[in-house]
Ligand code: HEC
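Below, in structure tokens: the form predicted alone, a single chain.
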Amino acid sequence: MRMSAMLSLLICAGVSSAQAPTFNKDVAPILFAQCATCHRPGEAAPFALLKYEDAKKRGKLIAQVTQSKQMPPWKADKSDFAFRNERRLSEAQIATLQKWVAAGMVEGDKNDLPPAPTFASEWALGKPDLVVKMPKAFKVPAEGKDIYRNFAIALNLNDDKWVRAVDFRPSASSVVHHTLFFLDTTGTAAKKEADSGQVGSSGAMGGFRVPKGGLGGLGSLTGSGGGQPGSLGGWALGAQARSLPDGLAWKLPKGSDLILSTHFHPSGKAEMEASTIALYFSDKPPTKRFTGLQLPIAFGFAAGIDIPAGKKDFSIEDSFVLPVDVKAFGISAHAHYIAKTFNVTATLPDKKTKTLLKISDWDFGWQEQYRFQDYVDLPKGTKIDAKITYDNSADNPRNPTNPPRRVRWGKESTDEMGSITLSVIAAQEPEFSELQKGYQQHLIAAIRKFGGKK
């Protein structure tokens, strides 16, 4: 039902002033709990929603975007396992906002207003242990092809650290598609940037050493670090910072430089980008190692993404059978503009099937990193199935080309990718190496199969 029709029905139904919700009693608790994390000064949202005047000014917009479930941004459908920090509004909360707007957006008794939320820091996870920023801004031109650039930031650490969380803030979010965080203990990336006399350096990961498996083998990277240059995860449009579960951490060797491997997408306006990164340290080394199982592997590189113009129901799939018992703690999805749905299931040894993640309306602008409420136990022999569908027709409002054109796998935003990453630990720590070995065999098999088709 359209917004105007909904309001008309509510008004015709006779929402009396006595029945009508008020901002102080009914609306503020919803906005404070579900919206204020982003809708406050200094955050990414374009306006604050901490005061009555702010909400009233945009009341009709609030009613419209919450009814359509465009806001709060939460793309995951209900599944068999609850996620932490879910922002989805209940149907009752959505109805309250509709009624408040229909009845004239009454402020109500000031004594009913709950305290506004307080935040320990400008950062969502609280005060960081270390904040660093690109020493020089990089100019992103208004037009042209996508740009891949690596930026070295000296951390100047005299001791090894363990990182439990990373938060990231681009200064020009309209042009930053995603950033991967890497560590370089050799100084190679910084030297390359200095020798060039430019801001940042080009090339695959800046030409410095990346752990075995590299970007394509993202699932083989462990959280232990192993004393080698490694990954600290990454950020993509719409992602919210998440802390690792207790007992897990990335190793950050002393003397390391932090490398931001950033993908820029020109927006039509020249921008200057100087990213800021917040690091949160763990008080002690991790007790367990973790890894990501990416399906299809390498962001869909070997999945055969080649989508004809006008094709509405193209899909890719991948499966992996767990070689050991695991505990899953998170899941994320990645694709570009024309992806439509994600469906990830776990078929247990007893043949029962559980949904781990389902997205019915993918949006390139909101690539969440979902954390399960509790560890999800997945026994040995469980089959993980991932399916991603794409709509390359003119009927897809998010299709970036008009008329549609053939789309293949590629790094440009108007190309396509597709994968999910299931973050897991081995239920029995000594079996972690067996888990890694099993996934690496799957990766090699997929690459060989893809090579045989070419």
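The first residue of the shown sequence is 1; numbering continues from there. Quick caveat: nothing in here was measured; it's all calculated off a predicted structure.
Quick note: we don't show the form predicted together with the ligand, though the next part is all about it.
J.: Does any heavy atom of residue 71 come within 4.5 Å of a heavy atom of the ligand in the predicted bound form?
T.: Flag for residue 71 set to yes.
J.: With the partner left out of view, is residue 41 within 4.5 angstroms of the ligand in the predicted bound form by any non-hydrogen atom?
T.: Looking in the predicted bound form, residue contacts with the ligand do not include residue 41, since no heavy atom lies within 4.5 Å.
J.: Wondering, does residue 240 line up within 4.5 Å of the ligand in the predicted bound form on heavy atoms?
T.: Residue 240: yes, in contact with the ligand in the predicted bound form.
J.: Classify residue 61 as contacting or not contacting the ligand in the predicted bound form by the rule of any non-hydrogen atom within 4.5 angstroms, answering yes or no.
T.: Residue 61: yes, in contact with the ligand in the predicted bound form.
J.: Can you work out whether the ligand is within 4.5 angstroms of a heavy atom in all three of 339, 387 and 419 in the predicted bound form?
T.: No, the whole trio is out of contact, none within 4.5 Å by any heavy atom.
J.: 81, 281, 366, 148: which sits within 4.5 Å of the ligand in the predicted bound form by any heavy atom?
T.: Checking each option against the ligand in the predicted bound form, the one that comes within 4.5 Å is 366.
J.: Which pick from 87, 358, 136, 311 sits with a heavy atom within 4.5 Å of the ligand in the predicted bound form?
T.: The residue in contact is 87.
J.: Out of the stretches listed (29-37, 409-417, 424-432, 390-398), which one is close to the ligand in the predicted bound form, meaning heavy atoms within 4.5 Å?
T.: Correct option: 29-37.
J.: Across 45-66, which residues bring a heavy atom to within 4.5 Å of the ligand in the predicted bound form?
T.: Residues within 4.5 Å: 45, 46, 47, 49, 61, 62, 65, 66.
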